[in-house]
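Before any questions on how it binds or moves, here is one chain, the form predicted alone, in structure tokens.
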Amino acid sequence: MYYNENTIIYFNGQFVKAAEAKTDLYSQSLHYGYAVFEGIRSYPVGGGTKIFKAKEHYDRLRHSAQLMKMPFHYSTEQLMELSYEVLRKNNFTDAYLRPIVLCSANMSLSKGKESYLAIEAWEWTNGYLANKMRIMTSSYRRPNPAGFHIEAKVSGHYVNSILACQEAKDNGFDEALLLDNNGFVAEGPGANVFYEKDGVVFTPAKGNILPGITRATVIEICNELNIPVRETFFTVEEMQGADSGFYCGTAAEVVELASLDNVAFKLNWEDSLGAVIQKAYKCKVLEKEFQLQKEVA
């Protein structure tokens, strides 16, 4: 699904076949989830290939490594160059990139002694989330920010996401909605959340969430289109039965929510601000500014 015998990745200083790459079974990353990563999209733009917000993603990767006290010495510029080379070697344009920083063998509970960078990629068909998702409030909560650097994109944090997502699917829903440690709405297992009510778009405030790059892009779009947007703390009850709702993330882009805990959102998606933002986001990643302006008009 993700690679074949010809797929090329960057790993530990060289380009190698994904099927032949090897990692250490004694690594801290495998045993303790001590790794940081990013999810990045590339798109066909202007007859070529463009990675969307590559700088922002790689700045965050480096920041995550720093927060986790990992030795990591690649610059953002080097990471961007290597990513484009991975895409070129695989002849990918519409693709998903997964850079990950792994740590060396170390069974002690101490900071990493050495790190290894891998950059993987595969062709993308937006198979992560689909429109009209039925979501449920999960019994699992987001990690306590007093116990984790939750603004870092850390591999081990996603055990929480797997548990929440599978709980939702086992109960007949498409996806989960997690609350924070204080009982306020936080985010989806792998996406940030927004809802619309009375012409205003709301999203959880920073502090208990991973503040996604797509989330920042959605807020940027709202500001460009003069759509009021508020970053605040709110409850499930405030979100239930609102006019519309959507998830957003690098993989998901912007996807419609049909209901929360079997309470439907009120507006037809086509009549919602979420639909406008969804179209504007697609124009932005494809650098189709004229179409974006036309949608607004």
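In this text, all values refer to a predicted model and were calculated from it rather than measured experimentally. For every residue, the number given is its place in the sequence shown, counted from 1.
The form predicted together with a small molecule is left out here; the points below concern that form.
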| query | finding |
| --- | --- |
| Complete contact of Y158, E187 and G190 with the small molecule in the model of the complex (any heavy atom, 4.5 Å) | yes |
| Contact of G212 with the small molecule in the model of the complex (heavy atom, 4.5 Å) | yes |
| Partner proximity in the model of the complex: V36 to the small molecule, non-hydrogen atom cutoff 4.5 Å | no |
| S29, heavy atom within 4.5 angstroms of the small molecule in the model of the complex | no |
| Partner proximity in the model of the complex: L257 to the small molecule, non-hydrogen atom cutoff 4.5 Å | no |
| The small molecule in the model of the complex: contacting segment from 163-171, 75-83, 190-198, 104-112, heavy atom within 4.5 Å | 190-198 |
| Partner-contacting position among T250, S272, S42, S64 - heavy atom within 4.5 Å of the small molecule in the model of the complex | T250 |
